[in-house]
Ligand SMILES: N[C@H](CCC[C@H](N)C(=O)O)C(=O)O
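Okay, here we've got a single chain as structure tokens, the form predicted alone, with questions on binding and movement later.
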Amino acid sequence: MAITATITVPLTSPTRRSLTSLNNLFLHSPRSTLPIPRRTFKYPNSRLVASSMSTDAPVKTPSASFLNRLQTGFLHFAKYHGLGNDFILVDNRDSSEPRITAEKAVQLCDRNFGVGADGVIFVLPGINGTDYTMRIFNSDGSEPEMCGNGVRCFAKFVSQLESLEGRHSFTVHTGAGLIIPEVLEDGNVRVDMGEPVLKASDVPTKLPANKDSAVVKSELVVDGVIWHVTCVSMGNPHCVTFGREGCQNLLVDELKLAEIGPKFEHHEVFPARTNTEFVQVLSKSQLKMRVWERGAGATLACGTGACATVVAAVLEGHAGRICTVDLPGGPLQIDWREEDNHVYMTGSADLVYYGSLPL
């Protein structure tokens, strides 16, 4: 008798019990011997479907399941998304170096031949007194300083790894400095993204400053067209535009993002390349944004981009300090607080599934 099994995992966050079981299986016991799957499946809200087929000759049942191969040579991961901006999350707390190379991350992010993602995120041990360190490889193999949607997914992943419940926060070391995410009681994550950087040379951009040391509503020629841009760093560089010369309000749905996005990203005035946000003003408290991300291309959401967008909107007089930013993947709540000059981002982060694959 040949037995085939299919395990389906719901697209909702698991219970603490199921997560603990899964962690024991995949994330924390690389040397353990894993049990042979049985017909009664232990994880709540999941199901095991088994079918049998008669054969002419008996087939000897092996003494050990194929799952035993998960002991070595496999990468165990969780897939999360923040408003459709999706990531492969790896528990890397036992080492200060990422478990895979940037080249391997490119393969995993391929949507046809790999898992499919905008990036691979590693949970590493904290340094400089922080609880954890976050590193990320983009889908093109480059390593950005930080990622806003990614850090929300990072926070939810850590919470589940550590079986944390209720409202809680922790400190994360990133290439952009200290980041403090807080998992709220409703499951959303609020992140203190720190202060925006406006000094042109620190963004960085070669555009000349036109407002103190900042670049605000400056002219940038891209492919023969004059765009008005404001440059902001949220630990990574952003070029925010609300329209072209002679355009009162940009209609972002009409943009051919794949054509224009790379021309901004690789423009000579951005020595470290740039993320680019194209923004439509709906009201003083609501903005609509599409993004071309450095190293990832068009994505459904960008957390640091939404933060940079609100900062730019305030500087250009389009909006107030508390805004809803509508992205293709959903809304983010952004608050640029006057009292501490910090930008706070609040939004969702959701588990898609757990998986493992050979290295």
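All residue numbers are counted from 1 along the displayed sequence. Remember, it's a predicted structure, so these values are computed and weren't measured experimentally.
A second form of this protein, the form predicted in complex with this ligand, is not displayed here; the remarks below concern that form.
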Discussion item. I'd like to know if residue 88 sits close to this ligand in the model of the complex, meaning any non-hydrogen atom pair within 4.5 angstroms.
Written reply: no
Worksheet item: residue 294 near this ligand in the model of the complex, any heavy atom under 4.5 Å?
Response: yes
Worksheet item: Looking at the partner-bound form in the model of the complex, is residue 308 within 4.5 Å of this ligand by any heavy atom?
Response: no
Worksheet item: Within a 4.5 Å heavy atom cut-off, is residue 146 in contact with this ligand in the model of the complex?
Response: yes
Response to the item:
Note: exactly one of 241, 138, 174, 160 sits with a heavy atom within 4.5 Å of this ligand in the model of the complex, namely 138
Worksheet item: Which single stretch, out of 195-203, 146-154, 174-182, 90-98, brings residue heavy atoms within 4.5 Å of this ligand in the model of the complex?
Response: 146-154
Fill in: Residues of 322-359 having any heavy atom within 4.5 Å of this ligand in the model of the complex, listed in sequence order
none
